[in-house]
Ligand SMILES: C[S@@+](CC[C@H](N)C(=O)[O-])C[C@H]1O[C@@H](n2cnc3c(N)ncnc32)[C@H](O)[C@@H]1O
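First, one chain by itself in structure tokens, the form predicted on its own.
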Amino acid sequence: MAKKPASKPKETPVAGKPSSLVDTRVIYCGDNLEQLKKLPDGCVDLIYIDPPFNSNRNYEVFWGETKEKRAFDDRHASTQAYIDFMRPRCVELHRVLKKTGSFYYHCDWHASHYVKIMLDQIFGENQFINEIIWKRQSAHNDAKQGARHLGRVHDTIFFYAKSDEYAFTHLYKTYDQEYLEKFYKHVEEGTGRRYSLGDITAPGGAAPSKGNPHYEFLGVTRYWRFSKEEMERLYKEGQIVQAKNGAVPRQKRYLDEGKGVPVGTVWDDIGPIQSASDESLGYPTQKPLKLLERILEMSSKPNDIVLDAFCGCGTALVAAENLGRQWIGIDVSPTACRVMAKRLRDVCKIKEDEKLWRIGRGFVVRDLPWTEAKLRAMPPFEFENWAVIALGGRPNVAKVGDMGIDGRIYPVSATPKKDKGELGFMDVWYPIQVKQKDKVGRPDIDSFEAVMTREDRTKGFFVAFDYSSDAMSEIQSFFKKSGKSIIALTVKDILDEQIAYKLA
């Protein structure tokens, strides 16, 4: 069996702050334009952004890990409006990028050509390095749906540098089996090592003016790549072979000594995230961790600062943490910020803790709406998700037809069944109902009791700003009649971190 090129060892995360000018391992909640203006010039080594595409349509966004589904308006009425929205942000991103820094802009076909023109104007045409094509899926069912165009199966990633001094590392990927069978079809007796046979004559039949030596070797006179002494040494070591008398000698090139196939501008070896993948959060534009790790490995080194100003579900931050980079994340959605914080805790095993963060070991989330006034002003779906996530639950996949359930809490005993899909949990869960009301009344509690009875749940959770005395009396009465518990929590309980006390 062919030996694969040695994989690059995982770099150990480095604790501490690499810069006295900027805080790292911070997620900022808010408008990235305002937050970027607070950062100093030339403080970031690598920027990756994957902003909302200018699709001119509404689409559904699913958060699988916390299962948010919301109508997501791309908010741009035209391509010009989209560019007008992105231009000041890209100007600020260019400003905060170091002279040795790199910038990656991930987009699709909707506005990619206009984005390229905008970035040429901001960075300069000469600072455009590559257009990377990521094949995000192998097929598309547009044809079955009657669409009169080819299946759109790729995204574009524009790669720019702040100057000619940008950092860059060539990466290699392993050979596929078809390539091995075609180019490394020889196997050395005794060692079992695969090898190909490479040309050792001078390039292009070089003339003497090129400086290549001319002599006879194994009965063949040519201009050669090596001196005669070197050729004889290689021959004695068994690295030069001649298929038959009179044939031009060739050199063995061992598979296990090769680096692999150099990564080019077409990335078709990193597939999309499947719904059943452990990595999947259910978000349709979520990017694979391998994709971000490749970008970080190419254009940064350990302890460099990585910035993602449109964090989404936080893939760039997870990649940065895994590879020992420092990072800064920004996103306008409070729900997104909490989701990526949970992901960093669960996947990267780092704590969200102010004291640990100050000594370079934890991370923090800044500017979340941690006041009742801000929570009252939230859109209903954001408020629902905030409340459910705060309880450690999973918001519903759908907000329409939810049958009176805004989320579910799965206790530790509810182990996922591998063959039942992403939400195939054992039948142990507790419903959550959320009301963005100043005072929940008895009718709201009656409706939730019906949900608990219908679903045969022994416990349920209700979140609101406050409850009427009739509502609290009904909760007591329901427990006496049925033995089923409704845990009534206020927003203040959550903000004051009184959840554990209430659940005791």
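A quick note: this is a predicted structure, and the numbers were derived from the prediction, not measured. Start at 1 and count along the sequence shown; that's the residue number. Rigid core: the largest C-alpha set superposing within 1.5 Å between the two forms.
The same protein has a further form, the form predicted in complex with the ligand, not shown here; the description that follows concerns it.
For the options R89, R345, K301, R222, the residue carrying a heavy atom within 4.5 angstroms of the ligand in the predicted complex is R89. For the options T285, T201, T100, T174, the one in contact with the ligand in the predicted complex, meaning a heavy atom within 4.5 Å, is T285.
Only one of 230-238, 285-293, 357-365, 147-155 lies within 4.5 Å of the ligand in the predicted complex by heavy atoms, and it is 285-293.
Under a 4.5 angstroms non-hydrogen atom cutoff, the ligand in the predicted complex lacks G407 among its neighbouring residues. Interface residue remark: P395 is not counted as part of the site for the ligand in the predicted complex, having no heavy atom within 4.5 Å. In the predicted complex, at least one heavy atom of D31 sits within 4.5 Å of the ligand. Within this chain, G460 is remote from the site of the ligand in the predicted complex, having no heavy atom within 4.5 Å.
Contacts between stretch 331-357 and the ligand, counted in the predicted complex as any heavy atom lying within 4.5 Å, involve D331, V332, S333, A336, listed in sequence order. Comparing the forms between the shown form and the other one on their rigid core, the Cα displacement of I389 reaches 2 Å or more. Annotation for the pair T335/A390: C-alpha atoms approach each other in the predicted complex, by 3 Å or more compared with this form. Closer approach of the C-alpha atoms of D308 and A390, by 3 angstroms or more, is seen in the predicted complex than in the present form.
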